[in-house]
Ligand SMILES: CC(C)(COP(=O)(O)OP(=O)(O)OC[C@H]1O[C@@H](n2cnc3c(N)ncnc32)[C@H](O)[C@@H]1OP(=O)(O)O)[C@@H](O)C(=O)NCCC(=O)NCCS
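The data below hold one chain only, encoded as structure tokens and taken in the form predicted on its own.
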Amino acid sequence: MVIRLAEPADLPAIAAIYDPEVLGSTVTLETVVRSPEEYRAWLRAHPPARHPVFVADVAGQVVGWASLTAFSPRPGYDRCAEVSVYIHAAHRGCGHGRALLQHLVAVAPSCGVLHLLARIEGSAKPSLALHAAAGFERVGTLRRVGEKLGRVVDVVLMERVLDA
């Protein structure tokens, strides 16, 4: 597996990983699939030097993606970014998510990011375990904050402070 910066040509593969989660799960509280132009705008909004998007590439096939996203538009929060990690359903349990998350942790300081935040749907045990294994600590739970697919869900906040 190679972890590399995402390119516009990777967007269909990123969509093929993310869109099923948008439509059929609560691991994201996004409810509407992005159009191709919205995906292009999303990638443009993630400049590689500051908020990169990476893909896990296995023999030329994108099997997962991960990103750093601005936590807030307010400049005082520039040291903080939210992490996202998504793996294609057929490739889960192979270590790709762990590798992508570790890569985000490793590159974050070079992007000026020293505080990582994850918002994880409360019943997403694999994601909670993945982040805990990567040194993220649970700092709180937003009770009944999300609603999707007829369910009201909690969102767990986890963080990893890199300059503590």
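From a predicted model like this one, the values you see are computed outputs, not experimental measurements. Start at 1 with the first residue shown and count on from there.
There is also a form predicted in complex with the ligand; it is not shown, and the following applies to it.
Please state whether every one of the three residues Arg40, Pro52 and Ala66 places a non-hydrogen atom within 4.5 angstroms of the ligand in the model of the complex.
The answer is no: none of the three residues contacts the partner (heavy atom, 4.5 Å cut-off).
Considering the ligand in the model of the complex, find the one stretch among 32-40, 94-102, 66-74, 135-143 with heavy atoms no farther than 4.5 Å from it.
Result for this chain: 94-102.
Just checking whether Val27 would be counted as a contact of the ligand in the model of the complex - the rule being heavy atoms within 4.5 angstroms.
Although the ligand is absent here, Val27 would touch it in the model of the complex, with heavy atoms inside 4.5 Å.
Please check if Arg119 has a heavy atom lying within 4.5 Å of any heavy atom of the ligand in the model of the complex.
Yes.
Does the ligand get within 4.5 angstroms of any non-hydrogen atom of Gly112 in the model of the complex?
Gly112: no contact with the ligand in the model of the complex.
In the model of the complex, does Ala106 have a heavy atom within 4.5 Å of the ligand?
Outside the cut-off, so no.
Quick one: name the residues from 46-70 with any non-hydrogen atom within 4.5 angstroms of the ligand in the model of the complex.
None of them.
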